[in-house]
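Presented below, as C-alpha coordinates, is a lone chain in the form predicted on its own.
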(Lines give C-alpha, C1' and ligand atoms only; values in the text may rest on other atoms or scores of the structure.)
Protein backbone atom coordinates (compact mmCIF):
# COMPACT_ATOMS: atom_id res chain seq x y z
CA UNK A 1 0.00 0.00 0.00
CA UNK A 2 1.48 3.36 -1.04
CA UNK A 3 1.31 6.31 1.31
CA UNK A 4 0.90 9.79 -0.15
CA UNK A 5 0.71 13.21 1.36
CA UNK A 6 -2.76 14.18 2.56
CA UNK A 7 -4.67 16.07 -0.12
CA UNK A 8 -4.62 19.34 1.84
CA UNK A 9 -0.79 19.32 1.67
CA UNK A 10 -0.40 17.87 -1.81
CA UNK A 11 0.47 21.26 -3.29
CA UNK A 12 3.31 21.62 -0.81
CA UNK A 13 4.85 18.21 -1.27
CA UNK A 14 3.98 17.86 -4.93
CA UNK A 15 2.09 14.68 -4.13
CA UNK A 16 5.38 12.93 -3.41
CA UNK A 17 5.52 9.46 -1.86
CA UNK A 18 7.06 9.77 1.60
CA UNK A 19 8.07 6.11 1.61
CA UNK A 20 10.16 6.58 -1.52
CA UNK A 21 11.59 10.01 -0.68
CA UNK A 22 15.22 10.08 0.37
CA UNK A 23 16.44 11.91 3.46
CA UNK A 24 17.32 15.09 1.57
CA UNK A 25 13.84 15.25 0.00
CA UNK A 26 12.17 14.71 3.38
CA UNK A 27 14.21 17.50 4.94
CA UNK A 28 13.32 19.83 2.06
CA UNK A 29 9.65 18.99 2.56
CA UNK A 30 9.79 19.69 6.30
CA UNK A 31 11.55 23.01 5.73
CA UNK A 32 8.92 23.97 3.15
CA UNK A 33 6.08 23.10 5.51
CA UNK A 34 7.67 24.97 8.42
CA UNK A 35 8.16 28.01 6.22
CA UNK A 36 4.53 27.89 4.99
CA UNK A 37 2.70 26.96 8.22
CA UNK A 38 5.20 27.83 10.94
CA UNK A 39 4.98 24.22 12.16
CA UNK A 40 4.84 20.63 10.88
CA UNK A 41 1.19 19.64 10.29
CA UNK A 42 0.11 16.72 12.45
CA UNK A 43 -0.84 14.52 9.48
CA UNK A 44 2.63 14.87 7.98
CA UNK A 45 4.33 14.40 11.35
CA UNK A 46 2.48 11.15 12.03
CA UNK A 47 3.01 9.82 8.52
CA UNK A 48 6.70 10.67 8.57
CA UNK A 49 7.08 9.01 11.97
CA UNK A 50 5.70 5.79 10.49
CA UNK A 51 8.08 6.01 7.54
CA UNK A 52 11.06 6.55 9.85
CA UNK A 53 10.08 3.61 12.05
CA UNK A 54 9.94 1.31 9.01
CA UNK A 55 13.35 2.50 7.82
CA UNK A 56 14.88 2.12 11.26
CA UNK A 57 13.63 -1.44 11.49
CA UNK A 58 15.20 -2.24 8.12
CA UNK A 59 18.47 -0.66 9.22
CA UNK A 60 18.41 -2.67 12.46
CA UNK A 61 18.04 -5.89 10.46
CA UNK A 62 20.92 -4.88 8.22
CA UNK A 63 23.03 -3.95 11.25
CA UNK A 64 22.27 -7.32 12.82
CA UNK A 65 23.59 -9.10 9.74
CA UNK A 66 26.69 -6.92 9.72
CA UNK A 67 27.31 -7.55 13.42
CA UNK A 68 27.09 -11.30 12.83
CA UNK A 69 29.60 -11.07 9.98
CA UNK A 70 31.98 -8.91 12.03
CA UNK A 71 31.75 -11.29 15.00
CA UNK A 72 32.45 -14.30 12.79
CA UNK A 73 35.43 -12.69 11.09
CA UNK A 74 36.97 -11.55 14.38
CA UNK A 75 36.60 -15.02 15.85
CA UNK A 76 38.44 -16.46 12.83
CA UNK A 77 41.34 -14.01 13.23
CA UNK A 78 41.56 -14.59 16.98
CA UNK A 79 41.50 -18.38 16.57
CA UNK A 80 44.30 -18.14 13.99
CA UNK A 81 46.65 -16.21 16.28
CA UNK A 82 45.42 -17.06 19.78
CA UNK A 83 48.44 -19.17 20.73
CA UNK A 84 51.02 -16.75 19.31
CA UNK A 85 52.97 -14.37 21.55
CA UNK A 86 52.07 -10.75 20.81
CA UNK A 87 48.99 -11.95 18.96
CA UNK A 88 47.14 -8.61 19.20
CA UNK A 89 49.40 -7.04 16.57
CA UNK A 90 49.04 -10.07 14.29
CA UNK A 91 45.26 -9.98 14.62
CA UNK A 92 45.18 -6.25 13.85
CA UNK A 93 47.34 -6.87 10.78
CA UNK A 94 44.85 -9.49 9.61
CA UNK A 95 41.94 -7.11 10.19
CA UNK A 96 43.62 -4.29 8.30
CA UNK A 97 44.51 -6.61 5.44
CA UNK A 98 40.85 -7.55 5.24
CA UNK A 99 39.30 -4.08 5.46
CA UNK A 100 42.12 -1.77 4.42
CA UNK A 101 41.91 -0.16 7.88
CA UNK A 102 40.69 -1.04 11.39
CA UNK A 103 36.97 -0.15 11.64
CA UNK A 104 35.83 0.94 15.09
CA UNK A 105 33.07 -1.67 15.26
CA UNK A 106 35.64 -4.38 14.52
CA UNK A 107 37.99 -3.03 17.20
CA UNK A 108 35.10 -3.11 19.70
CA UNK A 109 34.28 -6.71 18.81
CA UNK A 110 37.96 -7.66 19.10
CA UNK A 111 38.13 -6.12 22.58
CA UNK A 112 35.11 -8.20 23.63
CA UNK A 113 36.52 -11.38 22.11
CA UNK A 114 39.94 -10.97 23.76
CA UNK A 115 38.53 -9.70 27.04
CA UNK A 116 40.63 -6.53 27.00
CA UNK A 117 39.71 -2.87 27.20
CA UNK A 118 39.05 -1.03 23.94
CA UNK A 119 41.66 1.53 25.05
CA UNK A 120 44.29 -1.21 24.86
CA UNK A 121 43.34 -1.94 21.24
CA UNK A 122 43.66 1.72 20.30
CA UNK A 123 46.89 2.04 22.23
CA UNK A 124 48.46 -0.47 19.85
CA UNK A 125 46.78 0.96 16.73
CA UNK A 126 47.97 4.50 17.40
CA UNK A 127 51.48 3.47 18.44
CA UNK A 128 52.24 1.75 15.13
CA UNK A 129 51.85 4.11 12.18
CA UNK A 130 51.12 1.18 9.87
CA UNK A 131 47.59 0.84 11.20
CA UNK A 132 44.85 3.06 9.80
CA UNK A 133 41.63 4.22 11.47
CA UNK A 134 40.07 5.56 8.28
CA UNK A 135 39.13 3.76 5.07
CA UNK A 136 41.91 4.01 2.48
CA UNK A 137 41.39 6.33 -0.46
CA UNK A 138 41.04 5.16 -4.04
CA UNK A 139 44.41 6.79 -4.70
CA UNK A 140 47.49 7.23 -2.54
CA UNK A 141 50.00 10.04 -2.57
CA UNK A 142 53.10 9.32 -0.50
CA UNK A 143 55.81 11.88 0.15
CA UNK A 144 59.28 10.59 0.98
CA UNK A 145 60.79 12.42 3.93
CA UNK A 146 64.14 10.64 4.08
CA UNK A 147 67.29 12.69 4.60
CA UNK A 148 68.05 13.20 0.92
CA UNK A 149 64.46 14.14 0.07
CA UNK A 150 64.19 16.39 3.11
CA UNK A 151 67.31 18.30 2.09
CA UNK A 152 65.93 18.67 -1.43
CA UNK A 153 62.61 20.14 -0.29
CA UNK A 154 60.22 17.32 0.60
CA UNK A 155 58.67 19.56 3.28
CA UNK A 156 57.48 21.90 0.53
CA UNK A 157 56.04 18.95 -1.40
CA UNK A 158 54.19 17.81 1.69
CA UNK A 159 52.78 21.27 2.34
CA UNK A 160 51.61 21.54 -1.27
CA UNK A 161 50.00 18.10 -1.07
CA UNK A 162 48.23 19.03 2.14
CA UNK A 163 46.95 22.22 0.56
CA UNK A 164 45.76 20.55 -2.65
CA UNK A 165 44.06 17.60 -0.96
CA UNK A 166 42.82 19.43 2.12
CA UNK A 167 44.07 16.75 4.50
CA UNK A 168 47.09 16.07 6.69
CA UNK A 169 49.38 13.08 6.43
CA UNK A 170 47.70 9.85 7.47
CA UNK A 171 44.28 11.15 6.46
CA UNK A 172 41.90 10.45 3.59
CA UNK A 173 39.94 13.07 1.70
CA UNK A 174 36.23 13.34 2.49
CA UNK A 175 35.32 11.81 -0.88
CA UNK A 176 37.74 8.93 -0.15
CA UNK A 177 39.56 9.58 -3.40
CA UNK A 178 43.03 10.31 -1.97
CA UNK A 179 45.01 9.38 1.09
CA UNK A 180 48.14 11.31 1.99
CA UNK A 181 51.08 9.50 3.57
CA UNK A 182 54.63 10.31 4.61
CA UNK A 183 57.42 7.71 4.82
CA UNK A 184 60.97 7.89 6.09
CA UNK A 185 62.61 6.60 2.95
CA UNK A 186 61.60 4.80 -0.24
CA UNK A 187 65.16 3.94 -1.27
CA UNK A 188 65.29 6.34 -4.23
CA UNK A 189 67.68 8.91 -2.78
CA UNK A 190 69.23 9.60 -6.20
CA UNK A 191 65.82 10.85 -7.36
CA UNK A 192 65.24 13.19 -4.41
CA UNK A 193 62.82 14.66 -3.70
CA UNK A 194 60.48 11.82 -4.55
CA UNK A 195 56.79 11.03 -4.19
CA UNK A 196 54.86 7.88 -4.92
CA UNK A 197 51.41 8.10 -6.50
CA UNK A 198 49.41 4.88 -6.69
CA UNK A 199 52.59 2.82 -6.46
CA UNK A 200 54.47 4.76 -9.16
CA UNK A 201 57.58 6.63 -8.04
CA UNK A 202 58.22 10.14 -9.33
CA UNK A 203 61.64 11.72 -8.83
CA UNK A 204 62.99 15.27 -8.66
CA UNK A 205 59.46 16.49 -8.04
CA UNK A 206 58.73 20.21 -7.72
CA UNK A 207 55.82 21.73 -5.83
CA UNK A 208 54.37 22.81 -9.18
CA UNK A 209 54.23 19.11 -10.19
CA UNK A 210 51.89 18.07 -7.38
CA UNK A 211 48.61 19.31 -8.94
CA UNK A 212 49.44 17.51 -12.19
CA UNK A 213 50.20 14.25 -10.41
CA UNK A 214 46.88 14.43 -8.59
CA UNK A 215 44.95 15.17 -11.77
CA UNK A 216 46.73 12.36 -13.63
CA UNK A 217 45.64 9.89 -10.95
CA UNK A 218 42.04 11.08 -11.25
CA UNK A 219 42.13 10.64 -15.03
CA UNK A 220 43.46 7.10 -14.67
CA UNK A 221 40.50 6.31 -12.41
CA UNK A 222 38.04 7.63 -15.01
CA UNK A 223 39.53 5.33 -17.64
CA UNK A 224 38.88 2.18 -15.59
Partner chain sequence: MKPLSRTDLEALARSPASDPAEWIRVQLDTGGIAAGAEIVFNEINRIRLERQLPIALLRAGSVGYSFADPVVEVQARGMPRVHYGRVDAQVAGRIISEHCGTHQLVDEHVIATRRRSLTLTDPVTHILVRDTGPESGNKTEFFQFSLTEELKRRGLAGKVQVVRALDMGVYDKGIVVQLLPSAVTYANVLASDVARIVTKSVAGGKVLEELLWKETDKQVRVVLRNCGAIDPDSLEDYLGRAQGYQGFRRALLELTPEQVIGELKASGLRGRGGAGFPTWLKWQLTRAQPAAQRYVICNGDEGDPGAFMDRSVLESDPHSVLEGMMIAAYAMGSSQGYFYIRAEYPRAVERIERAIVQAREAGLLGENILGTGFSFNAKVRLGAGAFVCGEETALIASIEGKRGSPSPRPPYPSVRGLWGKPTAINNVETLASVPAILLRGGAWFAGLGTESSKGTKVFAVTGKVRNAQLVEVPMGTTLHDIVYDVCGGVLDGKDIKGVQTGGPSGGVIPSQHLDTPISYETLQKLGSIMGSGGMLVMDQHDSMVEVAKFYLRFCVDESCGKCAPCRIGGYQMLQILDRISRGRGSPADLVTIRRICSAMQKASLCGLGQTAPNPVLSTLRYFDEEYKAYLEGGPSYARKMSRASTAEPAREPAKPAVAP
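Positions refer to the first chain, counted from 1. Here the structure is a predicted model, which means the values were calculated and not measured.
We do not show the form predicted together with its partner chain, though everything after this point is about it.
Contact with its partner chain in the predicted bound form, defined as any heavy atom within 4.5 Å, is confined among 26 to 34, 193 to 201, 45 to 53, 171 to 179 to 193 to 201. Residue contact with its partner chain in the predicted bound form: residue 84 places a heavy atom within 4.5 Å of it. At the 4.5 Å threshold, heavy atoms of residue 187 reach its partner chain in the predicted bound form. Taking the partner from the other structure, its partner chain in the predicted bound form has no heavy atom within 4.5 Å of any heavy atom of residue 139. Not displayed here, its partner chain is kept clear of residue 116 by more than 4.5 Å at the level of heavy atoms in the predicted bound form. The candidate site formed by 71, 160 and 216 is entirely out of contact with its partner chain in the predicted bound form, as no residue has a non-hydrogen atom within 4.5 angstroms of it.
Checking 108, 148, 133, 78 for any heavy atom within 4.5 Å of its partner chain in the predicted bound form turns up a single hit: 148. Contacts of stretch 91 to 110 with its partner chain in the predicted bound form, defined by any heavy atom lying within 4.5 Å, are made by 93 alone.
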